[in-house]
Each structure stands twice: as C-alpha cells, then as structure tokens.
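One chain comes next, on its own, written as structure tokens: the form predicted alone.
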C-alpha cells in the first residue's frame, strides 16, 4: 500500500494534522493507498504559494508559458501507460478505455498551449485622437474543484486553458480518487513550472472546497459536479464576488423520431449510456421514442445492452467496470427502487451481480426502466449510472419538445431524424447548450461545452474555454498632442 503526500508550493507535504485517509480499488474493495487529509491550514498554504507564483508565471511571455505547458504534455504522453494504470486502479476504468483517455489528454494541453498564442486584442475606432483597445489578462489564482467520474480528464480540461493564459492553480480533486491528480503534480514539477504555479490539496470537499470558495486570495473557482454543490459554491463565492465557471448536471433527452435510422441511433446512444458506467454528465437521461418505432428501438437497445460485458477492468474483454464507490452504487440502487415504487418497470438488470468474481467490488448490472412518466423521480433527476430511462411513447413534435424542456437541466440533447429541416426545428427550440442531430462526432477541444439553466455557467473547451480564464481590460489613450 502506497503513502502519498500533497503538492504545495513546489514541495511534497503531509497534512499539518498528520492525518490520512484510505483510497479503495472499486473493483476489489481493497485499500490501495493512504492520502493526506488536508484542511484549512493546507488551503492557506496553497493560496499563499499560488499568489506568490502568480507574478512570476503571469509575467512570462505567452511563448514561454506555452512551451512549458507543451513540455507537460510531452511528459504526460511518455507516461500515459502509468497514468492509465492509476485510473484503472483507483476508478475502475476498463484498461483499454483508461489507456485511450490517458493518450488523449496531452492533446488538451497542446491545443490550449498553441491557441493561447493566438489570443488577440481589439481596437475600437471611436475617434481619430483617441486609442481604445482591449486586451485579455489572466484572472489570477484559480481553484479547480473537480469530480470523481473522470478524475484526470476533468482536471486537465480546466488546467490546460487556465495555465496556458497565465493563471496559477490550486487543484482540489475528488477525495475518493486523487491519485491521478498527484501523478499530474509530479509531471508538472518535471515540466519546470515555477514553484506554486500548480498545487494539489487532497481531502474532503465539504471543508477544502468551501474554504477555497470563500478564500479572499482565490480569484476564480472552476467547478464540475452536482447542481446542488454548484449552488453552494455560488453562494460562498458571492461573498468575495469571485469569477465562476460551473459545469453541473444534466438530464439529457434523447428524441427518436419516426423516420430515424434506428440501428444508428441505438448504436450511438447505447455507447453514450454505457460509457464510464453512465457516470458522465453527457449521458442520455430520458429516452423519448416515437410510437411508430418505439418497440423496434427498445428491442434493439435491450439486445445491445445485454451484450455489454461487465467485469474486471484489467480484462481486455471488459466494456464496463464497477461503479466508483459503495455509496454511489447505493445511490443508483435508490433510483431503481424509486422507479419501481412509482409504477415503472425494470425490464433488464438493475441489480448487483452475485456470482464470483463480481460479488466483490462495486459492480452493478446495466438497467432499462420503461413506463416512466414525466413527474417520476427517475425522469427528473440525474441518476449518473448505467440506467436507461424510457419515457412513454410520443406522437407529437410539439409535445415532445415541451417534455424535453420540462426539466431544471439544459446540458445536451440528442435528436434522431433523417429530415434535417425537421431536426433543425428541434435544435432551435430545445433549451440545451448542445443539441446533436444524428451522430455528429467532433473533437472536444474545438467546440464549446456548457449548459443552460441549472446545468451551469460558462463554457469549457474551444476558444470560449480559454476566454473563461481571462479578464477583458479596456485601455483608453488620449492621442492629442501635449499642450
């Protein structure tokens, strides 16, 4: 079993209290590490270190900053195998998927390092004797509070733009799987960032996250997680009017019209539903299937889900590993029970496997629930698991658009039709930050991501994601000759 330290101010440190807490392998329930139990003292130290580093890092030229970020990308690419191994060990990500994610992450750093060099200001030609121009500057000290569902990816997608444009960083990873964050700190040290530019504090979010959100030395909080926690961070951050970037929950509607390519829709949506055990905010949340194709879609979707291989994440045949923790599995099981109590039907899965070797670990068999009505709990709330929720069939475009919008979330929506003009009507009327008509894959770095309503504030990825970590300054110069 490994003993870890936190990374603060360019040094590996224990918690001032001397306390640690265990990290468990979700596939075996075995304890794999002890991590420092950080607290308020560590928050103060990390903020002080980041503030000291800020004038050093922010005043480097954009070329210098980008070169160091690119070096971190190269180190991460060279160590991708180890990064993937840690992800599998602490999160239960199937080894093949973990390797793919680890191999992709350096590109996030590279994209932001290159594009930060392309940030330009603007001049405003208001009058001939006056120069008005706009320039972007880093915000300052940025706290990244990240979730457990894709531990390192969720850090890197924030870290890459924030660092590239000159901010200094305090990372608060999820307490149950912080090891990949500490590996990132090791690589950042090797890359040559000035001491204090990147800091990692491990420990409970309720203490550390709230301290970062209220700390007067933190200029911005970037958070991914539940809407309830996001609201709490907003309330705390309001005390010092911090900049916020919030990527919160989703209950994403899938709308399959009567003329859809059913095989294509089933394949794409099944993949999204099962990716990372459904523990992603972009997962399908509600299936609205036209009555004309409902039976066919459900039959093919069920057949596909039955073929999903649940098992040891180190087995190359495994497509879905365990859920992240016992507590989260209990939460998903609670949604299954609520659906049954409300009168819906579980037609597939929804239980723990009992046969060895899957009787140990936080495994959960993928589930399909049918007969769900709009007011049921499983139709309103984010389940965050391998559970497909099938609403009652529809036969009216107007009605299904109304139902799709009838939710507190507005992150993403998936529309399946071969009539693109009809699809565009859905795209224009659905309240979501992303509406995908058919299977339209895109490189995540190039396109913005972020939702409407209680799905969050601001955007991630693309140039819009870079802008989030900058302040826009207006500079005005009187060009009239001195008198």
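Keep in mind the model is a prediction, meaning the values are calculated, not measured. Residue numbers count along the first chain shown, from 1.
Absent from the display: the form predicted in complex with a small molecule. The rest refers to it.
Checklist entry - Using a 4.5 Å heavy atom cut-off, are 148, 209 and 281 all in contact with the small molecule in the predicted complex? => result Per the other structure, all of 148, 209 and 281 touch the small molecule.
Checklist entry - in the predicted complex, which of 314-322, 338-346, 111-119, 376-384 comes within 4.5 Å of the small molecule (heavy atoms)? => result Flagged stretch: 376-384.
Next on the checklist: Under a 4.5 angstroms heavy atom criterion, identify the one residue in 229, 370, 405, 302 near the small molecule in the predicted complex.
Outcome noted: None of the other options qualify; the answer is 229.
Next on the checklist: Within 4.5 Å, heavy atoms only, which of 265, 73, 154, 412 is in contact with the small molecule in the predicted complex?
Outcome noted: Filtering the options by heavy-atom distance leaves 154.
Item to check | Proximity of residue 172 to the small molecule in the predicted complex, heavy atoms at 4.5 Å | outcome: Because a heavy atom of residue 172 falls inside 4.5 Å of the small molecule in the predicted complex, the answer is yes.
Next on the checklist: Would you classify residue 205 as touching the small molecule in the predicted complex, given a 4.5 Å non-hydrogen atom cut-off?
Outcome noted: Answer yes; at least one heavy atom of residue 205 falls within 4.5 Å of the small molecule in the predicted complex.
Item to check | residue 188 within 4.5 Å of the small molecule in the predicted complex, heavy atoms | outcome: No - in the predicted complex, heavy atoms of residue 188 and the small molecule never come within 4.5 Å of each other.
Item to check | 4.5 angstroms heavy atom contact with the small molecule in the predicted complex for residue 166 | outcome: The answer is no: residue 166 has no heavy atom within 4.5 Å of the small molecule.
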